[in-house]
Ligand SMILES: Nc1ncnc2c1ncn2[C@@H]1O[C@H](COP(=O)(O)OP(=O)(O)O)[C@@H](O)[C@H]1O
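As a starting point, one isolated chain is supplied in structure tokens, in the form predicted alone.
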Amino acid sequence: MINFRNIENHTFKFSNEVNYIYGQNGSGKTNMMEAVYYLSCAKSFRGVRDSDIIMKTKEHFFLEGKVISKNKTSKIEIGNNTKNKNIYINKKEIRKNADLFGIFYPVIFSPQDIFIVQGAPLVRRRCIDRLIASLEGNYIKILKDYNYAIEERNKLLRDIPDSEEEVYAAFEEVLVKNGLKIFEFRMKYINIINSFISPIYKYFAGNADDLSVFYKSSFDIESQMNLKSKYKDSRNRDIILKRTTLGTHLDDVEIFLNNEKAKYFASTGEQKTIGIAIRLAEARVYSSINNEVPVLLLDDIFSELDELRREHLIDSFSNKGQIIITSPDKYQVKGDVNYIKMENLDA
């Protein structure tokens, strides 16, 4: 890592099992975790711009990591100078962030996961879309084509509302075709998540509460013909609002605890545990389909859990894959643990 946030130049060596990084707040623990995640998709899990990641007073950052997945070793190198991003896999340059998908898949747990429950629908859509994209090779292109059609239709609604019928119809054709594919993929994976999530939640919460997730869509099981008619019928309303008011870009994943919406009725502690359960279910889905345990990134998660739940979290994946934990405090964790103290890394 070079010039990445507050880490000017440092190399981390991780074991194949549990890695425990501890140290004072501000020492760079979450920044290190962010760098590992960045290698998987060339994006920050914090949702910030690349320019915000470059160390202050510096003009670029550079990351290099070696990934071993299914007995295949890949060297990933990413350099960014605010104007250009260069990505190499085994010294071969790739043009798109999406080409990184499939090299390795980290599942990150952080205190911010409470926003999976509390946050806007966009947070939950991104969560399910990232999982699908890691397992379905054509999903990113489907999303991109759909989003492009949304942007172009919205431009018509705002700037050229009296456009010809065939112009609107061309974009709406893409929205129907790709929107139905997105709907079908999301429904498929929400159903798989549901097969894991309730037992996981009960295990961590230590009670019999039932957790479930449902996909709420404006598409439902509509036919393409019906959807085309709906888009056409919505144009006058959309012209007034200057945006497209129908489609999978507005869908949501609803979370229920004991048949009540968790967003409104779950306590803060319950919402935190729900966030963990969803991430663990995500990891289980990936493992069940790809036959490989994802890398688990547990960022300062112990501060949100009591001792029993800390032990349950680690025990769930003990001896099943690589785990990287960050914490201000050094807790004793069962098994063969690689402890790394973060200190003196600031520029």
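None of these values were measured; they are calculated from a predicted model. One-based numbering along the sequence shown.
Just so it is clear, the following notes concern the form predicted in complex with the named molecule, a form of the same protein that is not shown.
Residue contact check for Asn16: none of its heavy atoms lie within 4.5 Å of the named molecule in the predicted bound form. Among residues of the shown chain, Arg279 is not one whose heavy atoms approach the named molecule to within 4.5 Å in the predicted bound form.
With a 4.5 Å cutoff on heavy atoms, Gly321 does not count as touching the named molecule in the predicted bound form; it lies far away. Contact between Arg46 and the named molecule in the predicted bound form is found at the 4.5 Å heavy atom cutoff. Picking from 307 to 315, 30 to 38, 64 to 72, 290 to 298 the stretch near the named molecule in the predicted bound form, with a 4.5 Å limit on heavy atoms, gives 30 to 38. Looking at 31 to 69, the residues that come within 4.5 Å of the named molecule in the predicted bound form, counting any heavy atom, are Asn31, Arg46, Asp52, Ile53, Ile54, Met55, Lys56.
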